[in-house]
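In the form predicted on its own, a lone chain appears below as structure tokens.
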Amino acid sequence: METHITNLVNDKVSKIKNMRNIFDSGKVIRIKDYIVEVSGLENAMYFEKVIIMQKGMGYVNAIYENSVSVAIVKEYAKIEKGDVVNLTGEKFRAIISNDSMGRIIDIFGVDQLSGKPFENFKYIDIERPNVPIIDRTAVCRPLLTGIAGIDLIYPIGKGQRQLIIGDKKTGKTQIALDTIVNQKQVSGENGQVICIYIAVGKTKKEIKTIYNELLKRNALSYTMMVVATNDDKPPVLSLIPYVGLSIAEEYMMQKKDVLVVIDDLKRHAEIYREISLVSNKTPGREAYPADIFYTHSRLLEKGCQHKNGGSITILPIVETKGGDITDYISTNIISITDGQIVLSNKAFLKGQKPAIDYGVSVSRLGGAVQTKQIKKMGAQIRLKLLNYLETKEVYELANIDEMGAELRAKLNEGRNIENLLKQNKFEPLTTEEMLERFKDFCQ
């Protein structure tokens, strides 16, 4: 094995020394931030890795009649007009390691905690063809979050895409972290659920805080963090969710259940829009390019229940402004996913945590991924809760003493359910605890 690797390395070094690793050369003719236009690369392939001599690395992101556009992912020195650009004949791929479980990794195979590259590494395609429909089966197994308001009322199944959407600081990431931590006490027929947290454009401080929270709760033995920080170049940020899903696909093909959190897709859409505008793509609605829907749909399509028994469950996060879930990106992603958990700033400020807006949230799979007991209880709790919320809105300012006994009892019961749905962060409930907690409200 060592001899084979040594031969491969020596062969590569020999090619570099004799300049046989260069397939075509061109020159930079135009620079626009992290997008450079290069002439002379007549044999360039789309998404081919290119090297800008001793100055940087990138990939071909568009091919024109007399030039190609290159997106820069790494820059060691300032790139200038006239710099030589070489094709490599290789597709641009990410570097990952089998030792990355419990670590914070980027697409270049660097451990973000130590700042050193992994020694035991391998190349992985950033994007691969999606699993065909013929290889998928029905989503029917529950992915338990430990949050009563979700597991009882808006359940998530293994293989489902469930959107978490809401304003800034309403607890979106917290729901995802609670779900990751809860997998420690839940083990299915495929063993431990593998969790992948994908950070898109977060600060290093935010990433470290999340890492420490997971570390404290012993969740890192089955969790890896695939990150692109706000210090990385936009092309890297745009690729990071695809890299995370490629890693998830590898585990799924090993018959594992995988939970993927993408935090967050609104930021990803804004980065993709920025790259498209810098690349001179024709802008459409809200200046987003015409293929923004395809960009997200082919990413979220990777969530599925595979016929081999493995699955990928995706929890994409989207940040809204002013509670508006009808903006362009939100409606796009809502139409792709199998339901959404909407978080309300109003509920958060009133002390309802998690701040789920039960009237607007939905799970398109519902009882199909619940056990019989939970399904029966969930249906009754949901009906009573929604009736209460509707009635409360009408009688919010009314004098309780002037109400009839039946209406008063209805409001009291609803208020009790609402209070029992409150949970502090990292305090998951088992299925048995949920059944015990709400048994008085069910017939």
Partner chain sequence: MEGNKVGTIIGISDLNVKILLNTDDVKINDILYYRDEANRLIRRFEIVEIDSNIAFAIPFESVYGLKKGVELELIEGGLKIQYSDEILGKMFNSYGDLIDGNKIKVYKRKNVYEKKLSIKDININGDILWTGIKVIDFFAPLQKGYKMGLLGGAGVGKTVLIKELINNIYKRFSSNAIFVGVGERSREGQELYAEMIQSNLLDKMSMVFGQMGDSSCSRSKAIYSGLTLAEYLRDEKNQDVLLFIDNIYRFVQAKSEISTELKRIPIENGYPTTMVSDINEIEERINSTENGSITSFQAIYIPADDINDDAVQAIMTHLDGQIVLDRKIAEKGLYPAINVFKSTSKAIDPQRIGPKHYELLQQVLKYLTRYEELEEIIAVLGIDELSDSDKNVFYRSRKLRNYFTQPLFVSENYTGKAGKMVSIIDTLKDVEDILNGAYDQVDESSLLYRGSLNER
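Computed from a predicted structure; not experimentally measured. Residue numbers count along the first chain shown, from 1. Heads up, when I say rigid core I mean the largest set of C-alphas that superpose within 1.5 Å between the two forms.
Although it is not shown, the form predicted together with the partner chain is what the next lines describe.
So in the predicted complex, does any heavy atom of residue 33 sit within 4.5 Å of the partner chain? Residue 33: no, not in contact with the partner chain in the predicted complex.
Would residue 416 show up as a contact with the partner chain in the predicted complex if we use heavy atoms at 4.5 Å? Residue 416: no, not in contact with the partner chain in the predicted complex.
Does residue 394 reach the partner chain in the predicted complex, with heavy atoms at most 4.5 Å apart? Yes.
Is there a heavy atom of residue 62 lying 4.5 Å or less from a heavy atom of the partner chain in the predicted complex? Contact with the partner chain, yes.
In the predicted complex, which of the listed residues (247, 334, 275, 79) lies with a heavy atom within 4.5 Å of the partner chain? Selected residue: 334.
Only one of 386, 53, 29, 409 gets a heavy atom within 4.5 Å of the partner chain in the predicted complex. Which one? By the 4.5 Å heavy-atom cutoff, the listed residue in contact is 386.
Do all of 138, 301 and 390 end up near the partner chain in the predicted complex, with near meaning a heavy atom within 4.5 Å? Per the other structure, all of 138, 301 and 390 touch the partner chain.
Listed range touching the partner chain, judged in the predicted complex by heavy atoms within 4.5 Å, from 195-203, 257-265, 127-135, 167-175: Looking at the partner contacts, the answer comes out as 127-135.
Who in 27-46 is close to the partner chain in the predicted complex, meaning a heavy atom within 4.5 Å? 42, 43, 44, 45, 46 sit within 4.5 Å of the partner.
Would the C-alpha of residue 66 be classed as shifted by 2 Å or more between this form and the one not shown after rigid-core alignment? The answer is yes; the displacement is at least 2 Å.
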